[in-house]
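Given as structure tokens, the chain that follows is alone and in the form predicted on its own.
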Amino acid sequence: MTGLLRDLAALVDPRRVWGDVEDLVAYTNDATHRRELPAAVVAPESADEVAAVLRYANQRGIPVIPRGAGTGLAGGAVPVSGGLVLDLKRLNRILEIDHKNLTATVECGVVTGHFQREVEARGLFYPPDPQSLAVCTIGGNVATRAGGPRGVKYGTTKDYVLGLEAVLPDGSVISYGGKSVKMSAGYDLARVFTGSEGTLGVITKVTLRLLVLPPSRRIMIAAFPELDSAAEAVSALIARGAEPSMLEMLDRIAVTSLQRYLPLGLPPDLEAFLIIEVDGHPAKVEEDCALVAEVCREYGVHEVRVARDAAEAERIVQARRALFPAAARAAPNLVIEDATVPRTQVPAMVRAIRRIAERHQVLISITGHIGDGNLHPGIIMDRRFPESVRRAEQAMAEIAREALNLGGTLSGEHGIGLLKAPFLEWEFGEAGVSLMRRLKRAFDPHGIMNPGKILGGGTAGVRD
């Protein structure tokens, strides 16, 4: 056992410290990226143990990579220079669900889908629903400002964080916020940590805002002959006052992959499909369904199909969640982009992605949470061939640049991680990124927290 492993075993139960290669290899990747082996992995079970490990690492300048479930799509939880992975899944207690205050307090390792089920069993509702909710954790969601299909109506994780507890690199513990609906005291440290991707410290506990569970919901699929007409219909739906709780788009490439994995009986010769959910009071749901169908007809829809019952509705939702694994099975390698633009610019962004795919001779499927402008172009490539990787990287950079040109952002919900660190200055300018670096140094003067992520300094791109 190395000195590092011996030291860590003195801080936590030795059975929760790993240094064998067969254990470490599981921590080299997230959903899209693979990097090098960490030096060790430690799995704390409390904020005190997190503090002890950070204090030790900070004194010795050892990089620390906080990790939830490893489902990220931007390389945010992968080691780039060895270091110590902090596996946070054992901090997994739901500490309180407060029905009267409509809040919940949870540890960072609570699985999002499990939390949602617990909340809904009490007639309450936690809307953020990342595609990986069956395995992803609340801490990871907060660290990346994760979203999901329901973002079009309900917003993303950042809109539900009322307060949090975090451990700083020197081992000190801070708390900010709580159950109060309003708070205007000091700098908003909860907001600073929300979206920080493990670069400032480790989030260990979160207080979340809840809603009352909507009494009714309805799922529809609208099939369009043309991708452009589907995108235009989305803009029209929003402009006409429709309030869908989900408004997703899948193009023909995505649907072809999906139906090999989970058949839905969709016409194979059409170009675009919208998955639309409306929820709320039953009368409002019926009204919104009628409006959706009316607008879709105005834009040349081929068919609008309404789920017959709850079972069929759930099958449609699960099919959308299965899209990434289905596409990954069908493609040699896949990079899921996260370009986000104002909703009125969605048609222009769709057309730009198609031009970029043609220019670089890469196959790009277009899916995403189109109702809030968050597109997920899936760039298909083969890492065995350098030219395929080069074209994919060029396409990825151009998609990012085009989103910014249209008034959008580099990321709507995946975060920056390694993948988009080279582009950060395109969005915020030299002065903005310089300020972020100074903020990072204030929290983490020795630079141990998740080095290379967001602000660069590690290996970026899509190469292994």
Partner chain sequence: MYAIDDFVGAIRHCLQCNFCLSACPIYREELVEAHAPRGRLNLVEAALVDQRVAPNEKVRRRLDRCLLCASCARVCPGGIPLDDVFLAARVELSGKPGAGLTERFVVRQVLNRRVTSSLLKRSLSLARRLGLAPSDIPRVASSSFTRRAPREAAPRGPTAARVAYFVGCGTEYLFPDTGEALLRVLPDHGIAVVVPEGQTCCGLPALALGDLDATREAIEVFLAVFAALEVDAVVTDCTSCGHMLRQKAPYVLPPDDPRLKQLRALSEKIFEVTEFLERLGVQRKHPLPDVKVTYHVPCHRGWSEGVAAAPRRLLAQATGVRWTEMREPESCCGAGGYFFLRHRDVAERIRRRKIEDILATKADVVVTQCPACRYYLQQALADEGPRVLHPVALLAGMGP
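Positions refer to the first chain, counted from 1. Just so you know, these numbers come straight off a predicted model, no measurement behind them.
The discussion below concerns the form predicted in complex with the partner chain, not included here.
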Under a 4.5 angstroms heavy atom criterion, identify the one residue in Gly280, Pro325, Gly163, Pro347 near the partner chain in the predicted complex.
Pro325
Interface segment, criterion being heavy atoms within 4.5 Å of the partner chain in the predicted complex, picked from 411-419, 46-54, 424-432, 62-70:
62-70
With a 4.5 Å heavy atom cut-off, would you call Thr105 a contact of the partner chain in the predicted complex?
no
Given that the partner chain is not shown alongside this chain, does Arg321 nevertheless sit within 4.5 Å of it in the predicted complex, heavy atom to heavy atom?
yes
Any of the heavy atoms of Lys100 lying within 4.5 Å of the partner chain in the predicted complex?
no
May I ask you to check whether Thr256 falls inside a 4.5 Å heavy atom distance of the partner chain in the predicted complex?
no
Full three-residue contact with the partner chain in the predicted complex, heavy atom 4.5 Å, for Val110, Phe115 and Ala442
no
Residues in 96-135 that come within 4.5 Å of the partner chain in the predicted complex by at least one heavy atom, in order, are Gln131, Ser132, Ala134, Val135
